[in-house]
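So this first bit is one chain, no partners, the form predicted alone, shown in structure tokens.
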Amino acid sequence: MEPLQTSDWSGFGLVFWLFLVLRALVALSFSGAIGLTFLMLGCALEDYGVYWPLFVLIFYVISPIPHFIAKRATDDSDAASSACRELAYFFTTGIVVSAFGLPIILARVAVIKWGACGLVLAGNAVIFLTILGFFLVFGRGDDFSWEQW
């Protein structure tokens, strides 16, 4: 039996890399499901029963849009910062803060109960950390990137 050559291991690196990507994708999917479960519990439990907090779903959808626009508009990926990217960070921060502020305002004016507000805020934290994790894992711009799709 002769020892394995280096060329015999070339496919192993690709398989290991795909395993890591799949593991990250499953973890992000699971955390997204947990966040949406918190949001649904804040709306659908018998004590709460009001579906106004579902409007934070709009913030989940529009929060990555400034990043997409800034990524498309700027080609200088080697620069540390640009005005377009900083403006995108500013708009994204405003969207995220608004998503946390909406349930608090709804609870303050007694449209929803404070328990529902707490569940929605927990769901917001998990969902926005999931979105951040997605961009950290898949936003590197390598060969297998979501930007290619």
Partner chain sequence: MKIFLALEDTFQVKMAGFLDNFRWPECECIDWSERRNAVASVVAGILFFTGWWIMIDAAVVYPKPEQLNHAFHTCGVFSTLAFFMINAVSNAQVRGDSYESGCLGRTGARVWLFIGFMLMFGSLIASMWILFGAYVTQNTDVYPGLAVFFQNALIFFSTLIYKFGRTEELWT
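Residue numbers count along the first chain shown, from 1. Because the structure is a prediction, the values reported are computed rather than measured.
This next part talks about the form predicted in complex with the partner chain, which is not shown.
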{"query": "One stretch from 115 to 123, 88 to 96, 61 to 69, 41 to 49 that, in the model of the complex, holds residues within 4.5 Å of the partner chain by heavy atom", "finding": "88 to 96"}
{"query": "A33, A83, L54, V26 - the one with a heavy atom within 4.5 Å of the partner chain in the model of the complex", "finding": "A83"}
{"query": "Members of 108 to 123 lying within 4.5 angstroms of the partner chain, judged by heavy atom, in the model of the complex", "finding": "R108, V109"}
